[in-house]
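Presented as structure tokens, the chain that follows is alone, the form predicted alone.
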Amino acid sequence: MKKTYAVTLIPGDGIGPELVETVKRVIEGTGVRINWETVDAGEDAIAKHGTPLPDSALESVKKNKVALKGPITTPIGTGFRSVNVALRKSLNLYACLRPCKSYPGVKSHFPAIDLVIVRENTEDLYAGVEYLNSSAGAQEIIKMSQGKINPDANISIKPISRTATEKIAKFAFEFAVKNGRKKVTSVSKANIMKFTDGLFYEVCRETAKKYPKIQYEERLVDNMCMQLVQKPELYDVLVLPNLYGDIISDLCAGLVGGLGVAPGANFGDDCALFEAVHGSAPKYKGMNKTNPTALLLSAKMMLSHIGETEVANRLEEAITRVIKEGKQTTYDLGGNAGTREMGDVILKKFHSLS
């Protein structure tokens, strides 16, 4: 009898529910048996639960250890803080893994990219430690700065710890070893932020010494942006603090054709959460036109994580072939299929490969 896996399912907001439904149907069609536990989180959960991140959602992930999540809306400037960030912090999902890979048929200036972003997930400016100028905390920091900070400034704090950096550096090198990667590049801005980003480099160097078969190098984040646009083929695994990891992963997604083909996963010691890199795109909600590739590739990563490696690899091959053929894809890939229809074609291709 086939094993049944318990997985938390978070449909999300905007285009999330329709993407999740398509991906769920494809996964079930592969023959992998999953007991989905659907929970609410995001903007739409507020009216029902009074919060965008109910305790029931967190408890479900803690229990099942694996979750698949649709995109969730994050208000800009006002409103609740990011549910995505809260999930990662609450579950201590300290490592964000974002592969960026070229797929034939996806419009791109770079046809042979195969990069992996390893992003620290729990601290840096995403820690959310901020002070309004009117607060005692901001005024104390301004006073301590001895004129370096304007007196009318709001303040954000950027924590970088040895503990968190050791964990993400080890994760990056272990990933490189397990997946046959040759090089890890540490990225920061240590020439300016000497204490915080300087510590990130210091710990990565120490970790690199434990993995002598993996080449190690360092790049400043601004130079890294230029390098990736000019010669991305020189890079393999990039390990970065939280903010730079977020920015660079979007840049790399652009190199391979956009966020529509950019999957992601978040790992902790006990739990793993899989999600597309792109947002909830509320203006496309219910229109059945959004590309399901990013979330399908995230699901592929989930299948590998739970041990269904053969199915995961065949699913990626099916996705690759459908995109390359370019006939039954969504509009952004040059086709005229809807979200559901593209999912159905991928599943059909999956079975043709057996």
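When you see a residue number, it is the position in the sequence shown, counting from 1. Quick caveat, the model's predicted, so the values are computed rather than measured.
One more form of this protein, predicted in complex with nicotinamide-adenine-dinucleotide (NAD), exists but is not displayed; see below.
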Of these, 29-37, 47-55, 281-289, 317-325, which stretch puts a heavy atom within 4.5 angstroms of nicotinamide-adenine-dinucleotide (NAD) in the predicted complex? 281-289
Listed residue (253, 238, 72, 96) with a non-hydrogen atom within 4.5 angstroms of nicotinamide-adenine-dinucleotide (NAD) in the predicted complex: 72
Hey, in the predicted complex, does residue 105 get a heavy atom within 4.5 angstroms of nicotinamide-adenine-dinucleotide (NAD)? no
Is the gap between residue 341 and nicotinamide-adenine-dinucleotide (NAD) in the predicted complex 4.5 Å or less for some heavy atom pair? no
Looking in the predicted complex, any heavy atom of residue 204 within 4.5 Å of nicotinamide-adenine-dinucleotide (NAD)? no
Would you please decide whether residue 275 lies within 4.5 angstroms of nicotinamide-adenine-dinucleotide (NAD) in the predicted complex, comparing each non-hydrogen atom pair? yes
